[in-house]
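Next up is one chain by itself, shown in structure tokens, the form predicted on its own.
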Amino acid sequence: MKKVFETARLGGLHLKNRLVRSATWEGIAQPDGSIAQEAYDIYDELADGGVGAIITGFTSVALHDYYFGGMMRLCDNALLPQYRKLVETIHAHDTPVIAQLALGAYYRKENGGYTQIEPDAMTTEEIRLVITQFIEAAVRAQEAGFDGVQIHAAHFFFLSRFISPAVNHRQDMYGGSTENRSRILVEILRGIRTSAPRLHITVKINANDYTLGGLDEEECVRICKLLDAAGIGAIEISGNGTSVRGVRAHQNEGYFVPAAAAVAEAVSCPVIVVGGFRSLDTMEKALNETNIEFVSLSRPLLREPDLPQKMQWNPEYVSRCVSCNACYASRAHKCVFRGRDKNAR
């Protein structure tokens, strides 16, 4: 019987429990990806709160990725001292840390500026450039001391769009079939495995694009099987529109569990599920009624970074997150209610 508060192994990583901090957007880095002191404080508090492992917020692999501002970036060796400091901050709490490697969109330099280009319009050389950017960012993550990297192929950012049949209509080796659209992920995975062999490699993927003609749960399973065969270390199941409003303990938790369970049944690597968990017993039900190995949390840890400790001390404790999503409109995506909580840290 799996328990949330037991030690577990995520590939080669040793975790104090089965709770993972899912990548959560902060948006407070400098344009070049430099880390703000506030970010160090956020991660220090998270690691101190007792979570088993941390996946960093969206970390772009490219300098000229203008999808939104405030992105951390692993595209320049000059930033390595800052990222080493971030890793050391988290490791001080005996907590493994995984860098989420992502690309908001691909931008082509033209007419003296940069223009966003969709997958259909990209040249083969541009696709290979993106693959190289992910691999080089992973090498930097290894140099900085990260325990692993997560390939962000969810939420309709670049890789998510590239593998989606709603967006990718290419007729070459990178389009058409599931295998061809997924080739970019497999080549990134294999390149990282070769160039940064010490890293645990995971992927975050949509169970469903919730878009007409997009990725559905059946094709998600097929892609995950391809990645599993290529040696992925773990898979985190999410989906477009992940932040459902009005989630309440014991009512509508764990909305990606069915899709994650189907993936876990089909692959040999550990599966992590995110999506609206608010109570310990619901998490353990998901773990024990399926082959899912880990649960990841986002919004609840914005409200209570020490939620894992509270649940371990009192198994009946439920998250105070009310799923209002006001955090998304706040600076650094902080919970707007934390200052009102009597027991807020």
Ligand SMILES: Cc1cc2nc3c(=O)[nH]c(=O)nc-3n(C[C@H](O)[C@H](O)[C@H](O)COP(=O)(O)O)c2cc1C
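Here the structure is a predicted model, which means the values were calculated and not measured. From 1 onward, residues are counted along the sequence shown.
Below, we turn to the form predicted in complex with the named molecule, even though it does not appear here.
Residues within 4.5 angstroms of the named molecule in the model of the complex, judged by any non-hydrogen atom, belong to 271-279 and to none of the other stretches in 136-144, 271-279, 77-85, 194-202.
Although the partner is absent here, L10 lies well away from the named molecule in the model of the complex, with no heavy atom inside 4.5 Å. The named molecule in the model of the complex comes within 4.5 Å of a heavy atom belonging to S243. At least one heavy atom of H155 is located within 4.5 Å of the named molecule in the model of the complex.
When the named molecule is considered in the model of the complex, F58 lines it closely, a heavy atom lying within 4.5 Å. Three-residue candidate spot W25, S298 and L302; every residue lies within 4.5 angstroms of the named molecule in the model of the complex by at least one non-hydrogen atom. For the residues T89, Q100, T95, S160, the 4.5 Å heavy atom test against the named molecule in the model of the complex is passed only by Q100. If you take 246-261 and check each residue for a heavy atom within 4.5 Å of the named molecule in the model of the complex, you get just Y255.
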